[in-house]
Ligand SMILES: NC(=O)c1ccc[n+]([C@@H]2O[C@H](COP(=O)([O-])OP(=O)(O)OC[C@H]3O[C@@H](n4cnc5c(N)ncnc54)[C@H](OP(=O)(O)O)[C@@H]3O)[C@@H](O)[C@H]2O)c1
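As structure tokens, one chain now follows by itself in the form predicted on its own.
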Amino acid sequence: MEYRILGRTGLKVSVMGIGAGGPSRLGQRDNNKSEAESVDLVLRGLDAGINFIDTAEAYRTEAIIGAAVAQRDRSKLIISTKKQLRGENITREELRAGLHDSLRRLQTDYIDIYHLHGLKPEQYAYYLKEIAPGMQDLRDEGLIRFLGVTENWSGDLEHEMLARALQDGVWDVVMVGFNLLNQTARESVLEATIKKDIGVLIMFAIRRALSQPAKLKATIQSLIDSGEVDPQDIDPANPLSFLVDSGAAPSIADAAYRFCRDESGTHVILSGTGNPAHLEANLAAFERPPLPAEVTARLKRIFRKSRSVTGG
């Protein structure tokens, strides 16, 4: 397993992180796994060298993570979780109460990275002024170590919130949507995080369009129709087949993970799973070398104008 330093936090993190959200939520949503099976899945990942786990109040998987962490050395693990934001703006009291609930479910007395979850551009000013100071108080009390913020990428395709947040010097870690189908974060977010030494967590490295052939075809066709992809650059009937046909990767999903892993400025690529075989395939992808330079360049060229999709 490769490890990186998560920006100015100084935390040494595995480049592959366990993502406890997404469509699977450790098998709780799509595979109907028992909680014990999901706990075992987390333990398998930890025993393979992963030390970074991302969950959230909204995912309802914090208790599963807590049960797994209780069986390992907490001091060697990095836990990232998030305060849900819904409806009206939350108060500092609700922030504090939510953190204590997360601590209880996670069976720990501190959170390494505590995020505001899916913050929208129009919410940002309030949360910077009213809630960020409350997060700093929690940090000063030793309940959290670093402040994070995650974007609502599907509703903020231009990364407007994060571009604003990176001007303020408050956030130690950001979570951004980025994948080979939509690389806009390279200029909108990653240039600034590199310059400011901010930790970067990548979400949406794999979405349905990169794991389901029919969804990929439909997505590519939509990009061709909108003028964001040149049909001369890609085979609409069998898009991205060159990744496998050339021997660059055993699957499109494998290539997608490696593309994100080797993007400059990324630290942790979150990987969700619901069963051991899928976990093993993901682990194998992160062990493979970089994609050939010509393949990476081709992916950058094909999707250089793509802005309207997340791959979902």
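Because the structure is a prediction, the values reported are computed rather than measured. The first residue of the shown sequence is 1; numbering continues from there.
The same protein also exists as the form predicted in complex with the named molecule; that form is not shown, yet it is the one meant from here on.
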{"item": "All of Ile79, Asn182 and His267 with a heavy atom within 4.5 Å of the named molecule in the predicted bound form", "value": "no"}
{"item": "Partner-facing stretch of 239 to 247, 65 to 73, 274 to 282, 259 to 267, counted where any non-hydrogen atom is within 4.5 angstroms of the named molecule in the predicted bound form", "value": "274 to 282"}
{"item": "Contact label in the predicted bound form: Ser102 to the named molecule, heavy atom within 4.5 Å", "value": "no"}
{"item": "Heavy atom of Met175 within 4.5 Å of the named molecule in the predicted bound form", "value": "yes"}
{"item": "The named molecule contact in the predicted bound form: Met161, any heavy atom under 4.5 Å", "value": "no"}
{"item": "Partner contact for Gly199 in the predicted bound form: the named molecule, 4.5 angstroms, heavy atom", "value": "no"}
{"item": "Sequence-ordered list of residues in 100 to 124 near the named molecule in the predicted bound form, where near means a heavy atom within 4.5 Å", "value": "His117, Gly118"}
